[in-house]
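Just the one chain here, laid out as structure tokens, in the form predicted on its own.
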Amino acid sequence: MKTFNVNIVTPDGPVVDTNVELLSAKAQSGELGIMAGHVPLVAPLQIGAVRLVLGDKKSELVAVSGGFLEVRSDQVTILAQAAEKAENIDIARAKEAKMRAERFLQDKQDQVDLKRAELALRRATNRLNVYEGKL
């Protein structure tokens, strides 16, 4: 199967630079599946997992906290505020972030902080799911 290059970049630097057969991600408009030769596209991403199919039935998951995906003929670039490969996720930190967000949501203080807590909970849950291999 034909491959293409994928770069996942954050403000802290590159997270992924590899060749893949297939990439799947959750855009604001729905689930995207990208293969070599896909039409050019730019799409905003949701907080979610990016699956990279490397071939030989091997795949990797990367947790992304939103961002943008750009598709060119032989290249996909994801610009994200934060991204972590499953094996690099600090599970204790992710669990603590989830518990902290859940506690804050139970207190239900002002609306601005409530929205921030909801987003923090989604990011922490996403990181835990990617670590556990769940989509």
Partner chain sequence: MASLRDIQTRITSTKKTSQITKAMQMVSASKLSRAESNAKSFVPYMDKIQEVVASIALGSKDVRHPMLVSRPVKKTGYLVITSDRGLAGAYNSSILRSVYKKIQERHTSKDEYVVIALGRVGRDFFRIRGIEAIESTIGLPDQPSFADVKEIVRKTVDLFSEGMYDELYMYYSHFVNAIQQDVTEKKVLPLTDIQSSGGRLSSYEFEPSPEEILEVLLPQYAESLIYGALLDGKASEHAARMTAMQNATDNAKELIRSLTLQYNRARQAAITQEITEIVGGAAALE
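Positions refer to the first chain, counted from 1. From a predicted model like this one, the values you see are computed outputs, not experimental measurements.
Unshown form predicted together with its partner chain; subsequent notes refer to it.
The candidate spot formed by D12, R72 and T77 lies fully in contact with its partner chain in the model of the complex, as each residue has a heavy atom within 4.5 Å of it.
Taking the partner from the other structure, its partner chain in the model of the complex has a heavy atom within 4.5 Å of a heavy atom of G67. None of the heavy atoms of R122 is located within 4.5 Å of its partner chain in the model of the complex. Interface residue remark: N88 is not counted as part of the site for its partner chain in the model of the complex, having no heavy atom within 4.5 Å. Using a 4.5 Å cutoff between non-hydrogen atoms, A43 counts as a contact of its partner chain in the model of the complex.
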